[in-house]
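As a starting point, one isolated chain is supplied in structure tokens, in the form predicted on its own.
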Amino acid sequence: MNKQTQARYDAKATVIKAMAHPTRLLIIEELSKQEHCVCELTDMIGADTSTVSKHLALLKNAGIVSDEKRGQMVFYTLKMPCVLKFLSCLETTLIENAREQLALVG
């Protein structure tokens, strides 16, 4: 594999790894509905601000979300809405797999 191809796969893996946490998946889904400040996300998640900020930083570094500082507050938006198609596909597959497993039992 050449360096350019390797770099392309590395970039894709970075995005997938950034999404690979339940809290970050929740953040992505919430930001798909509307922008949120860190304080709102902290309340939704039920974690401390530093933990939520670390999740947001990881998502931001992967290019999935963007932020905008307004006074003392930082607001986040979903920068990569195409990840929602991936998540929808994933959910559909999980449901289908569960149906297949139930059919085997019943």
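From 1 onward, residues are counted along the sequence shown. Please read these numbers as outputs of a predicted model, since none were measured by experiment.
Not on display, but discussed next: the form predicted in complex with a further copy of the same chain.
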For this session: Identify whether a further copy of the same chain in the model of the complex is within 4.5 Å of every residue in the set V38, Q72 and L78, based on non-hydrogen atoms.
Result: no
Exercise. Would R8 count as touching a further copy of the same chain in the model of the complex under a 4.5 Å heavy atom rule?
Worked result: yes
Exercise. Taking the shortest heavy atom distance, is M1 within 4.5 Å of a further copy of the same chain in the model of the complex?
Worked result: yes
Exercise. Quick one: is A62 in contact with a further copy of the same chain in the model of the complex, heavy atoms, 4.5 Å cut-off?
Worked result: yes
Exercise. Would E29 count as touching a further copy of the same chain in the model of the complex under a 4.5 Å heavy atom rule?
Worked result: yes
Exercise. Going by heavy atoms, what in 1-30 lies within 4.5 angstroms of a further copy of the same chain in the model of the complex?
Worked result: M1, Q6, R8, Y9, D10, A11, K12, A13, V15, I16, K17, M19, A20, H21, P22, L25, L26, E29
